[in-house]
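Single chain ahead, by itself, as structure tokens, in the form predicted alone.
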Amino acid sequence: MADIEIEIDGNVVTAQAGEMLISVTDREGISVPRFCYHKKLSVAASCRMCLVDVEGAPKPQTACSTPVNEGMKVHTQNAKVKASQKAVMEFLLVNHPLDCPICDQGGECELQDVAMTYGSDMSYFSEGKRVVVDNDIGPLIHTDMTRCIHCTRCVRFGNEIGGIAEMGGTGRGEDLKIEPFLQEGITSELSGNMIDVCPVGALTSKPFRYALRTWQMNATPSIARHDLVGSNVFAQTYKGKVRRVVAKDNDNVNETWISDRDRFSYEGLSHENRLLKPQIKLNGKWKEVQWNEALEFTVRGLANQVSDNQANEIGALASNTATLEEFYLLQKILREMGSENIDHRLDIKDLENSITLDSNIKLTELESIDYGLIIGSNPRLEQPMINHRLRKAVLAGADIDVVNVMPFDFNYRINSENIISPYQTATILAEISKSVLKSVHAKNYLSNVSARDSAQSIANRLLTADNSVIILGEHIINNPQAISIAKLISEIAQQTNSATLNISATSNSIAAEMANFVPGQGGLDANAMLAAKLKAYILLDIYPEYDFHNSVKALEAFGNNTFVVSMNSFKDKVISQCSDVMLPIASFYETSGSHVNIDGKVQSFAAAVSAPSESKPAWKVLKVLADLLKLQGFHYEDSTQITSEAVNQNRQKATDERPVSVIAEAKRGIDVIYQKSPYATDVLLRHASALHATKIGQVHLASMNKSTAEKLQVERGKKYLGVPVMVTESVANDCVFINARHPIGGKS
């Protein structure tokens, strides 16, 4: 749009033709009050608080819905404007309870702030105020709807961002209420953002209710590390504890939104299961000791188990939630000791069949795609903020096709859902590849492939799209043909000039790859380490019952003949059984470090609070351990020095020469896709009670169709692999899809 000039309060400013006046005033630092306007939501113009005087207009105009044009003259501070705004403010306060002393929004309430300037110290209203009965809309959001001023921000958020129309207005005039449509309350994975957009105390955080005032807390910028986005947040703290987490604006990462797991996971930090003191096992019994004794015990134990010429008998395994610096230091320790047994890929059944697929599209670029193909993923729950970008693309006109084993509740329009068995995934991709190449002899493994109509349709869309992306999800990581699937996607993308997005691994897995936290030449991967039953293991915030694909094999490996060093942030019954020493480490928000997101962006953060009791940041523990082991090159004064070294190290990425193989569609037995609840993917989330009380957190089902159930000889209501069975014909043949929750205190 062309630039134009307008006049605001006597000053000439530049604007773009057609943009709303309130955007111009905000950019110029001119204060215009508002309640219903939000920069990321559609314009409602319902509160009328942003009235301004536009010369030539018969009455004051709303700045949020008035487009600018050449030569416009606007007054935001004259008597006409102030009188109008004061009148609107008076009407807004007619039914408001004015209960600021007990309202959780006090100190950050937009109504309170605006009333200080535009309100009156006298009310002419003498009738009784209305009272609205509150609805229980779930464990995350508390409602006090008598305070509601009908700005409709929460309604528009649900419709436009959350993608689920869960809140709406009922009644008219005095009887107008904002309430949920369904008794089950709010179910969106982004629901907590309604708390942020509410300008009054109608929607507040239930876990934070009556805890503190905003001015009592310090706010530290930080990074949420539960997914591949690394949403920017503020950790709000009081007396050394994280009391609330809210979104921090960053349009290139998370815009102004965060997922519920990013917002409420902090609850786990104060759980009684925190590991607070170093412990060593003597004669089968645990003893709490000082740090120096625990570290000396660790060094002696490693030395007793691993001699100079047996360094390959030690292995290091780490959770994918570790920081870049922790990954880097632990792998450096192992390699200085002479071992290449290093891995973070704990949940993959066959690491010889692991996925290698680069992501070559930025988060912001996802919004501008015109076609997307999603394979083996429910991005709404796996990667909520990536899914948000895809939803924006669909709203802008993009089409999305899906290849999955069962339908999922997408919060945007899907062009087609191709429900197929896991062993058919490589086959349909081969059909797409053949349709793209349009040649029987293009690839040997395509010679016997005959493309079905759905594959040809997808191929045509990829060929004709100007800006397409193929997304590979985490349901594929244990597919028997995972390598072939990834390679076929890469070849299809190359032939159709499509981008690729690999969301099969999550949390801080990209940082682990950047830090070379993978086996080197001659080293053992995670599964091989367990099979080899090494003499010693160093485990970084690992909980075998939850983190390994085969927890039984892990427990066998960490048996009586091994020396196991566990650096953990939480106590765990299984860890205490298999470990010889437990070192308490800091959890989220308690340590400095870095997260690497799907864009390859290294986002560093400082500790918002100190770790509780005798817990220490893991990078400091590893640095001291390296010194005690008399290893060279660990003279770091702070984590930023480690960050710089990790980012600038030489990394050689091996070329994947593994061949593509497409197994014919034949009976292959029953495939099981096991997916953790999005609120159980790491130890902090597993201890966040409010998240587990949500509808998403309660999902615990083994879904299969009738034919599969008969083959497995299980019935509806019974359990399969410890999970209640749901029989539904929406699931593909010969497939069981397990959504498993892991509540606090154990695995159900």
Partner chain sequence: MISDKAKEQIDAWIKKYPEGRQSSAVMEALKIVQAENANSLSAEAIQAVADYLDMPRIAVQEVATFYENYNHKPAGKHTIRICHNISCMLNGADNLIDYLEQKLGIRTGEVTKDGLINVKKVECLGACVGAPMFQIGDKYYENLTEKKIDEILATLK
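Positions refer to the first chain, counted from 1. Please read all numbers here as calculations on a predicted model, not as lab measurements.
The same protein also exists as the form predicted together with the partner chain; that form is not shown, yet it is the one meant from here on.
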- [ ] Using heavy atoms and a 4.5 Å cut-off, decide whether L555, S576 and D580 all contact the partner chain in the predicted complex.
- [x] no
TODO: Quick one: from R209, R172, R413, K438, grab the residue that has a heavy atom within 4.5 Å of the partner chain in the predicted complex.
DONE: R172
Task: Contact residue in the predicted complex, chosen from G376, P180, P617, P139 - any heavy atom within 4.5 Å of the partner chain - done: P180
TODO: Please run the contact check for L282 against the partner chain in the predicted complex: heavy atoms, 4.5 angstroms, yes or no?
DONE: no
TODO: Verify the contact flag for V133: yes if a non-hydrogen atom of it lies within 4.5 Å of a non-hydrogen atom of the partner chain in the predicted complex, no if not.
DONE: no
Task: Close approach of V405 to the partner chain in the predicted complex, 4.5 Å, heavy atom - done: no
Open item on the list: Is M567 near the partner chain? Define near as a heavy atom within 4.5 Å, in the predicted complex.
Closed with: no
- [ ] Within 4.5 Å of the partner chain in the predicted complex, counting heavy atoms only, one of 299-307, 180-188, 313-321, 345-353 shows up; tell me which.
- [x] 180-188
